[in-house]
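Just one chain follows, in the form predicted alone, and it is written as structure tokens.
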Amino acid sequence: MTKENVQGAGEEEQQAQSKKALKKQQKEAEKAAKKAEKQAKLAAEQQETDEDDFAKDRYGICPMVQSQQKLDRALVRVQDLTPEKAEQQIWVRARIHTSRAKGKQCFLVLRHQQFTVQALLAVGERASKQMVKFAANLTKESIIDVEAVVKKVEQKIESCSQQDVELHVERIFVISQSEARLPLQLEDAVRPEGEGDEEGRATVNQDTRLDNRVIDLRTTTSQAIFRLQSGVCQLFRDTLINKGFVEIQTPKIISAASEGGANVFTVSYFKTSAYLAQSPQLYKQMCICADFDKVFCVGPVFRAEDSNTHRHLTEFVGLDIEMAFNYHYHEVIDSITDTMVQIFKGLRDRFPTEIQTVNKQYPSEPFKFLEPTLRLEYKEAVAMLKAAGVEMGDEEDLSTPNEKLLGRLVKEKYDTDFYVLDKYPLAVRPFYTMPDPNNPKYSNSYDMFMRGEEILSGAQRIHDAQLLTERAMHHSIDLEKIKAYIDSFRYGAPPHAGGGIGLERVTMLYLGLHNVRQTSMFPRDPKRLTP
């Protein structure tokens, strides 16, 4: 190739490159012009919007509440929104449960605790197009303040707890905004399991619920469960205080295993070791020896049992009772069963809404009990089980399946979900249990059952230091470790008995639920230490 040809080819290439660069520049210029045009259009629209939006002061996101001001504004609770408030202008604070835009309207369902109400925004004199759009775009679970007029509705709103009214919103302000992506949907979390399967809609499994417990506790079902559980504690306290009991507080860090068993959590205690209390047992008894006569306590109980069942927790709330009696431990059984009956009546009368709410998701038969409470002897229970085809020894402890079967047999025969089983074999009870004076193979001990599951274990305690020492040695317990306990009976001790109740189990079984984790706010089991 000649020199001229090479030069010509180079010039052509340069021209092609400059054409390309020119084209690229033109494209970029066009792109920038379009972007500028778009931004100008948006700015113009925004300006127009701001000018046109007559309601711009009636909605928005509030600055973070840092207690800047004291507003003289009364907020009405969702549960108090009834037809009596029709045509009243009120303020409500609630979460956005659901929102749905429809043309120039936006329907919101507002929720506070276990109560919901429908709210409506419509383009008109009080609400602009922009205000309705703002409301429709708010994220679920955000907390808002709304000013609204309460209106009666002609047709009941079946999807809300407040079925006879709705709110016509005039102002709406966000107090706390939720992130758009929720770890679980609340409507999925309250859907009855069978219904979800049939319709192919999602339900939420237990681990997802417990991993995101703060959200799960917002559901109407969880709200109802834990309000009723609070009622169990209150009724327990009130009933016992009325019976002349004294509430006590006992240590949870102790030097020896309370029950003399191996199922204890060991904790380091300075230069030595200590244990987490399996029961306030020993301290309740010491209080009886100190002449308090009747005591109770409500507090955490720890069990290092590697039991991954529907009814075991490694930490639960114990409702414990101990009382001196005059001549027979049945005086104590009668006092405890009456306390339980007062709790059952109180729950039935004070918490019908909560019971109904839980039943929507977890249907169950109403809880049945007798007055006075049915009391069966262990021998009778064994005879009933044997008659039903169960092979077991007279002094054998009840297995969980046999407890459940016995519960069904008792329900069929006596029509009660609550009963006492008395006179357990001595061999299956702790060292401090008083033996039966008429038959040394049996003991003055008892369990109480709800829907075929044990909720209380109790007994007359040995109040004689000599007999207690013998029984402790029989159970191979290190006497040095329980010296303070045995010594408390050396200076005169009244005959006494008591028992311990699991709060979570009582709540679970009263409501007919199937897992104790549903009734433990932040459950602890062998596989769960968080949240």
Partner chain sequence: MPMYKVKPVSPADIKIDLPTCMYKLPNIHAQGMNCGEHALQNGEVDPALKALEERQDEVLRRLYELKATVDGLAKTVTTPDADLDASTLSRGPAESVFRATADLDSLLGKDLGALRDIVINANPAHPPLSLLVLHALLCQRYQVLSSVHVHSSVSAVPPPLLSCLGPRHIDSYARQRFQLGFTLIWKDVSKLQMKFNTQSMYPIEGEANVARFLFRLLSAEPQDPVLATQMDCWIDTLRSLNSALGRSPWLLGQEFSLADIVCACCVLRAGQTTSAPANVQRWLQSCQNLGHFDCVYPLLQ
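Residue numbers count along the first chain shown, from 1. Since the structure is predicted, the reported quantities are computational estimates derived from the model, not experimental observations.
Another form exists, predicted together with the partner chain; not displayed. Remarks below refer to it.
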(request) With the partner chain left out of view, choose which of Asp338, Asp238, Asp211, Glu377 has a non-hydrogen atom within 4.5 angstroms of it in the predicted complex. (result) Glu377
(message) Only one of Val78, Ile248, Leu409, Leu184 gets a heavy atom within 4.5 Å of the partner chain in the predicted complex. Which one?
(response) Leu409
(request) Quick one: find which of 447 to 455, 128 to 136, 414 to 422, 167 to 175 has residues within 4.5 Å of the partner chain in the predicted complex by heavy atom distance. (result) 414 to 422
(request) Indicate whether Ser307 is a 4.5 Å heavy atom neighbour of the partner chain in the predicted complex. (result) yes
(message) Under a 4.5 Å heavy atom criterion, is Met392 part of the interface with the partner chain in the predicted complex?
(response) no
(message) Within 4.5 Å, heavy atoms only: does Thr373 come near the partner chain in the predicted complex?
(response) yes
(message) Can you tell me if Phe115 lies within 4.5 angstroms of the partner chain in the predicted complex, counting non-hydrogen atoms only?
(response) no
(message) Each of Glu84, Phe107 and Lys151 having a non-hydrogen atom within 4.5 Å of the partner chain in the predicted complex: is that the case here?
(response) no
(request) Go through 321 to 344 residue by residue and record those having a heavy atom within 4.5 Å of the partner chain in the predicted complex; state none if no residue qualifies. (result) His328, His330, Asp334
